[in-house]
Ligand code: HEC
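Form predicted on its own, single chain, as structure tokens, below.
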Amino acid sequence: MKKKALVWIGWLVGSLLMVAYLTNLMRNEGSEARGPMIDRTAFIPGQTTDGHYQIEIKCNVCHTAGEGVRQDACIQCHGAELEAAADSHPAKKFKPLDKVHLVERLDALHCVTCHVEHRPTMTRPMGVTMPLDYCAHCHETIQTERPSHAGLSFQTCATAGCHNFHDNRGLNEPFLTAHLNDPDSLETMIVPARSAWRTNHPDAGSPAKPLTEVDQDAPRSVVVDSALTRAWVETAHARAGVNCTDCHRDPSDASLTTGKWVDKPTHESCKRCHEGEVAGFLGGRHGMRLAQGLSPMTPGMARLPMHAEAAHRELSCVSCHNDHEFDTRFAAMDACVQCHDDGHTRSYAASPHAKLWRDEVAGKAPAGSGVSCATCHMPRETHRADGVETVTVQHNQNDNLRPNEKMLHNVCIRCHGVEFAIEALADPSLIGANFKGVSAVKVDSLDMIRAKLAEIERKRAGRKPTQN
């Protein structure tokens, strides 16, 4: 009897110790910067979405012990994007007294109402877990309120050319009306020229002195590779006066006075001059692990098809920009295809876009007329601050793919008409072929607007002239 009691006591103590260990494991996630992360994937209740799986072992990014998912955690990563979209469904739309019942039914003020993680069996594109008829809860009378919607299925609400809950900038009536008669392809591409100088460079405002090999300022204790020096001299960095220590200084030294040399600079060094670009990199799938203190992303971790030989390459700024060369042409296309091996990427070489890019690189076409991977997935953006306008490259490579209709404003309509672009984006087969061919999808949005305008014109023509 005594032996049996000891067994039970041992089991109880062991169970309590295990519970304590697991609790401590989940609460104190730590950081890879302070040591190796403990694998917590066994505790994940279900598959994480493609947008978050890279950081799923850092549970506390989204969760607070005892409080579930934090709303501010969503806003911390996606707030700027939502603000820029100027969502036509802001929180205030769900607050009027006559819609209290809708707030209770839909709880539309919280991100997790629609975006619930770890539920792969009910997760649809964009990480949405709501049923396809979700919109009908508020818009169940839309077919009688708007004759143009008669006969349309509720499943068409979120398709290309119609509605997106968070971002309707490219799919609203005024915008579509203004672009009804756009040609399929514009005569001239509308691509802003990149700014030649970053205003947040430590030496901004001082005259830029082009540097030569003899100007390199690496400490005497550092063995300098002459091949790297020659490559650096040919870069925009050297032409703008950016020397070795500008990149190889300890990034934690805010005053840049200690002179501590860093052999392999990280994105923290790049951020001193390219803050916006680094912010985009950390916000996208290439850099989101680094943003959470995890090890760099590698192609081997990706869910998209990647080249096997690239599996262990760690992604950083120099993964694409080749340290000491910073070849933007290499970064714009070659760097992408050396890792990505999906159908869309493989089809690029035979696409009309690729021909334009090859012609530009060969000098057969003007600068800026080619279409590389970066042209569409890392577009140039114009910013204005304190009266100064700058053009930078958005390094969040998946920013305009959530949903892909976001590409209309900052990519597609720089070269194509709106109707042509919408229908191309709505055709999965054409996307897979990297837009070689013609869209087999017909989107009705612009035809609805044409019919509406024609009806208005008929009514106007039928009015009797006013008698004086």
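Small disclaimer: the values here were computed from a predicted structure and weren't measured. In this text, residue numbers run from 1 along the sequence as written.
Beyond the structure shown, there is the form predicted together with ligand HEC, which is absent from this document and is the topic of what follows.
Heavy atoms of every residue among H166, A331 and T392 are located within 4.5 Å of ligand HEC in the predicted bound form.
Among residues of the shown chain, P352 is one whose heavy atoms approach ligand HEC to within 4.5 Å in the predicted bound form. Residue contact with ligand HEC in the predicted bound form: V443 places no heavy atom within 4.5 Å of it. In the predicted bound form, ligand HEC stays beyond 4.5 Å of every heavy atom belonging to A308.
Within this chain, A236 lines the site of ligand HEC in the predicted bound form, having a heavy atom no more than 4.5 Å away. Screening L176, L294, L228, A365 for any heavy atom within 4.5 Å of ligand HEC in the predicted bound form leaves a single hit, L228. In the predicted bound form, R303, L304, M306, R313, L315, S316, C317, V318, S319, C320, H321, D323, H324, F326, T328, A331, A332, A335, C336, V337, C339, H340, D342 are the residues of 303 to 342 with at least one heavy atom within 4.5 Å of ligand HEC, listed from first to last.
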